[in-house]
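Take a look at this single chain, the form predicted alone, given in structure tokens.
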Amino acid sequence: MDQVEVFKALSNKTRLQILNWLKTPAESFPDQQNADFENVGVCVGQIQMKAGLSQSTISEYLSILQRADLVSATRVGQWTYYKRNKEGVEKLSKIINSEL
């Protein structure tokens, strides 16, 4: 885990909101067809609608979070779904507790 990349990813308010929403997706998003929140994640379109930003901006934000190992992506047909990467978030917690 590249600490600089992780903290860069967390330096944006919307990216922090996305991580927070993905922590409790059933509470943060309406039900979705074709995929459940726990196993597959949340469709990019739902994240985009909630954030109120363009699809390209949300895709870039999610890509940054994925490179930082904080979210994981799953493709189902033409759709991409994202969920929090629990292991990545736990690594971040350990870094904060042990090194900062």
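Numbering starts at 1 and follows the sequence shown. As the structure is a computational prediction, the values presented were derived from the model and not from experiment.
Not pictured, yet referred to below: the form predicted together with the DNA.
Hey, in the predicted bound form, does Asp69 get a heavy atom within 4.5 angstroms of the DNA?
Close contact is absent here: in the predicted bound form, Asp69 is far from the DNA, nothing within 4.5 Å, heavy atoms only.
Just to confirm, Gln17 within 4.5 Å of the DNA in the predicted bound form by heavy atoms?
Heavy-atom contact with the DNA at 4.5 Å: absent for Gln17.
Is there any non-hydrogen atom of Gln55 lying within 4.5 Å of the DNA in the predicted bound form?
Flag for Gln55 set to yes.
Looking in the predicted bound form, any heavy atom of Val44 within 4.5 Å of the DNA?
Answer yes; at least one heavy atom of Val44 falls within 4.5 Å of the DNA in the predicted bound form.
Could you list the residues in 64 to 86 that come within 4.5 Å of the DNA in the predicted bound form, counting only heavy atoms and keeping sequence order?
Those in contact are Arg75, Gly77, Gln78, Trp79, Thr80, Tyr82.
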